[in-house]
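First, one chain by itself in structure tokens, the form predicted alone.
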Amino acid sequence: MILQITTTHLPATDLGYLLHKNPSKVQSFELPFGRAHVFYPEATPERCTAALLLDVDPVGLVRGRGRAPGTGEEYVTDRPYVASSFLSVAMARVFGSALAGTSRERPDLAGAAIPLEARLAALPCRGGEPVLRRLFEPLGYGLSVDARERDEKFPDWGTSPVAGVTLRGTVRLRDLLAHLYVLVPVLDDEKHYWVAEDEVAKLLRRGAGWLAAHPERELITERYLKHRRRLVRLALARLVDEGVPDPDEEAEARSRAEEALEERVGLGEQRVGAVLAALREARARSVLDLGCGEGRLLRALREDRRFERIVGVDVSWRAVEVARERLHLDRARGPQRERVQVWHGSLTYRDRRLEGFDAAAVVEVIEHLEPHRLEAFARVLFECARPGTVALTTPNREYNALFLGLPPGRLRHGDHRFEWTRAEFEAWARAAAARFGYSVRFLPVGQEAPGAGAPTQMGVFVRG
């Protein structure tokens, strides 16, 4: 079996520093079930590919201590050729430092999202291409799937469960490797070794930062732990406790501080008014409020009868519960119960529930995302959900100097990962619009100041 990882990040040969493997050398590693080889089919400043070739000993799988449960007594097996848990073990052994996200020579690059492509020549897909896409697309990857017939001479036999798969995305290398480490054996729905409680710790470690909010986390957990019910229950309980981030008291205090800072210029109400005006201009009947928080915009939408279906979505369970309580959704009856809903969900994972809406509002949300997750967010919003109109607001960093009490260089909120200038926001928005078939115009929100602009900037995207 072979895994190939390619980058076009310049200089592309820095991939060698990230993988801790010299592009000019072929390296080999002994494993309990065979040998692993690392080499570079191409290594230029413009494009670099690293290949991990795993040479599994089929005889060792059915003889002696190398025997794996479930392989049977036959020597004929697909295990040496298809991607499986053998590959995950090899990745941990050969690319351990890259999986940990460490690079002595390129530490900044190790933490950066770069263009990466992973190719697996033969990947088992139990459940077919739909399951494959349900696992990888929510993580922000584009997929190419080479489905094959079981036998070209007998087309009635149908499609083979093994396919050639190529993943493309702008991600950190450590994240790509972690996704493959977990999801390859999940797709195979088999492991070559006994699964005990230590596998729960492995799953949580490799799934940190993405598995808890993945829409298929139950399927992933069940298959990764070989359907052992006690271990599955244990893993899911820990994911709920440690995974999806809920705002704690400190985060709520920071939010109140940001609201107090902006309240002096009445910015919260001005934002709601500007977004409502954009949605009314679009003549939207169904609206998503993505990152709805505790429901300020939802309350304003509910008061306007022209909006016939209103759905709020937030990653925080606490925010969802507060919004539901403030909107009195538990008391709603009849059509009102269906008109306004609040869902729990992530903005960086594909969710088919978000499709089919006339418009979406994204109010002061993207600055809370890690920069390397913006690509996944853009695909979920503009490619997958694909509403007709999107009204998106974000702080204007240039205005921060005019806020009394905000120290120079500080961001408005302790949870903000970044704040953009007007030029930075417009560059990102224009690129996203062009890529996904939208036009975009920009509007100031709040009173403008000479040289600084308005405190909030809004982009209104219209699908072409």
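Don't overthink the numbering: it's just position in the shown sequence, from 1. Remember, predicted model here, so these are calculated numbers, not experimental data.
As for the form predicted in complex with S-adenosyl-L-homocysteine (SAH), it is not shown, yet the points below apply to it.
A heavy atom within 4.5 Å of S-adenosyl-L-homocysteine (SAH) in the model of the complex is found for exactly one of 207, 138, 293, 169: 293.
For the options 147, 329, 232, 369, the one in contact with S-adenosyl-L-homocysteine (SAH) in the model of the complex, meaning a heavy atom within 4.5 Å, is 369.
For residue 365, a non-hydrogen atom is located within 4.5 Å of S-adenosyl-L-homocysteine (SAH) in the model of the complex, even though that partner is not displayed. Residue 389 falls outside the set of residues with a heavy atom inside 4.5 Å of S-adenosyl-L-homocysteine (SAH) in the model of the complex. S-adenosyl-L-homocysteine (SAH) is not drawn, but in the model of the complex it has a heavy atom within 4.5 Å of residue 348. Remark: residue 200 does not count among the residues lining S-adenosyl-L-homocysteine (SAH) in the model of the complex, judged by a heavy atom distance of 4.5 Å or less. With S-adenosyl-L-homocysteine (SAH) omitted here, the record of contacts in the model of the complex names 310-318 of 222-230, 113-121, 279-287, 310-318, defined by a heavy atom within 4.5 Å. In comparison with the shown form, the Cα-Cα distance of residue 290 and residue 115 increases by at least 3 angstroms in the model of the complex. The Cα-Cα distance between residue 292 and residue 213 is lengthened by 3 Å or more in the model of the complex relative to the form shown here.
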